[in-house]
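Next comes just one chain, in C-alpha cells: the form predicted on its own.
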C-alpha cells in the first residue's frame, strides 16, 4: 500500500526498513482508542466547517465498519500496515473511499499517538485501581476473620515481638492504599486533552479544543504543543506506580514463601495455586508467589526503560518514542495479572494457628515488654535493656523461658520486679500494651479495619466518577447532534 509521504519520498521503502520501523504488532492494541479519537476529531472538524454533515456521517459509519472489521479479525494483511493509525485510515478508505483522506486534517500522528496513549491509560488506570480495591477487600476480610490470632513479628528475619496477624495484614493494606492513591493522582495528571498540538507547533486550523475536551471527556487541556508531543510523563508516572505495586506484592509473596516452608509452616497454600516437581514426588511449590516476585523485576526494568528512553531526547517528537508502547503494555498487563492472581491466591491461604501459637513460645518475644515494665516501675530504659538482656542470656544458658523464672531469681537483677510481672508478659498483655493508634492493640486494629472499610467505599465512589470520564465510541457517536 502507498505511503502517506510519497509526495516527498518517491522511492519505495526498503523491505528491511519497513520491518524495522513497523509498530503495528504492538500498537494494534490501541485500535479502539485510535478510532474513538478519530471520531471525536472529525466531529470537531465538522463543527468548524472543514467537513460537511454528509461527510461526517459517512466517516463515522465507516469507522464503525472498521471497528467491527478489526474486532472480527477480518482485516487482511494487518502486519503490512506501518502502525494502527495507517491501518484505521486505509481501512476507512476501503470502506468509504476518498472522503477518508480528510480525517487527518489539522492533526499529526504525533498528537494522535499521545491521544491514543492517554485514552488507553484512562482505561488501564481504572482497571488497575479496580483490581487493587478487590485485593484490599480480601485483605480486610481476612484481617477481620483472624483478629484473635497472634504471630511473631520479625526484624532481621529474627523473632522480635508478638503482633496480631490482622495488624500484619493491615501493613500491606497501607502499602496498597498509598499505591491506589498514587494511581488516582496519575489519572488526574493524565486527564488532559492533547489534540490540537499537531506535529509540534499547534494545529493550523482553529480547532475547538474546549469542544474536543468535553467530547472526549477530558477534565483539562494540555497548554503547550511542544510539551504535548514530547512528554511521556503520564506513562512514566503510571509505570512508576506499577513498579511500586509490584515491589509491595513481591515483599508479600516473599513473606508467604517463607511462611509456607516446612521450617515455618505458618500457612498452607491451596494446591490449586501450587505446582509439583518433575523429579521430587513430595514437592508442593509456591510457583505463583515466586513468579510474581520475579515479574516485579521486569516492571522495575520497564520503569528504567521508559526513563532511559526519554532522558536524552531533544524536543519535541522523535521516533524513539515509538518504543514506549511495548514498555507501557508490558507494565500494565503484568501488573494487572499479578494483582488479580494474588488476590485469588490470598482467599485460598490457610493459616495454621497451632503452629503459629507454638512459635510464639520461643524466641523471648516478651523481652521488650519486660524492659518497658521496669521503666514504668522507675528504672531507666538503658539499664532496663541491660537487665533484660542478662536475664535472657541466663534463660538461654539454662534452657528455660522467662515465665519460668521465680520472683526471687528476678529480684537478683532488679528490685522492681513484682508479682504483677507474670501478668504483664502474657501474650495478650504484650499485644494490648501497644495502645497507640498505629499499634497492634486489638481495639486499635479493629478500629483500623472499620476505617479501611470506609476507605474502600470512598475508593469505589471515586472509581465510578473516574470511569464516567472515560469516553465510549458508541456513546460519543450516539449523542452527536449531526449524527442523530
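Bear in mind that the values here come from a model prediction, so they are computed numbers and not experimental data. Positions refer to the first chain, counted from 1.
Only in words, not in the display: the form predicted together with another copy of the chain, which the text now covers.
Asker: Counting only non-hydrogen atoms, which stretch in 193-201, 127-135, 142-150, 73-81 is within 4.5 Å of another copy of the chain in the model of the complex?
Answerer: Result of the contact check: 193-201.
Asker: By the heavy atom within 4.5 Å rule, which residue out of 185, 123, 214, 409 makes contact with another copy of the chain in the model of the complex?
Answerer: Looking at 185, 123, 214, 409 one by one, just 185 meets the 4.5 Å heavy-atom criterion.
Asker: Please tell me which of 161, 414, 343, 352 lies within 4.5 Å of another copy of the chain in the model of the complex, judged by heavy atoms.
Answerer: In short, 161.
Asker: Residue 401 versus another copy of the chain, in the model of the complex: is there a non-hydrogen atom within 4.5 Å?
Answerer: Looking in the model of the complex, residue contacts with another copy of the chain do not include residue 401, since no heavy atom lies within 4.5 Å.
Asker: Is there any non-hydrogen atom of residue 62 lying within 4.5 Å of another copy of the chain in the model of the complex?
Answerer: No, residue 62 is distant from the partner.
Asker: Give a yes/no on whether residue 347 approaches another copy of the chain to within 4.5 Å in the model of the complex, heavy atoms considered.
Answerer: Residue-level check for residue 347: no, no contact with another copy of the chain.
Asker: Can you tell me if residue 25 lies within 4.5 angstroms of another copy of the chain in the model of the complex, counting non-hydrogen atoms only?
Answerer: Contact with another copy of the chain, no.
Asker: Give, in sequence order, every residue of 227-244 that has a heavy atom within 4.5 Å of another copy of the chain in the model of the complex, or say none if there are no such residues.
Answerer: Contacts from 227-244: 227, 228, 230, 231, 233, 236, 237, 240, 243, 244.
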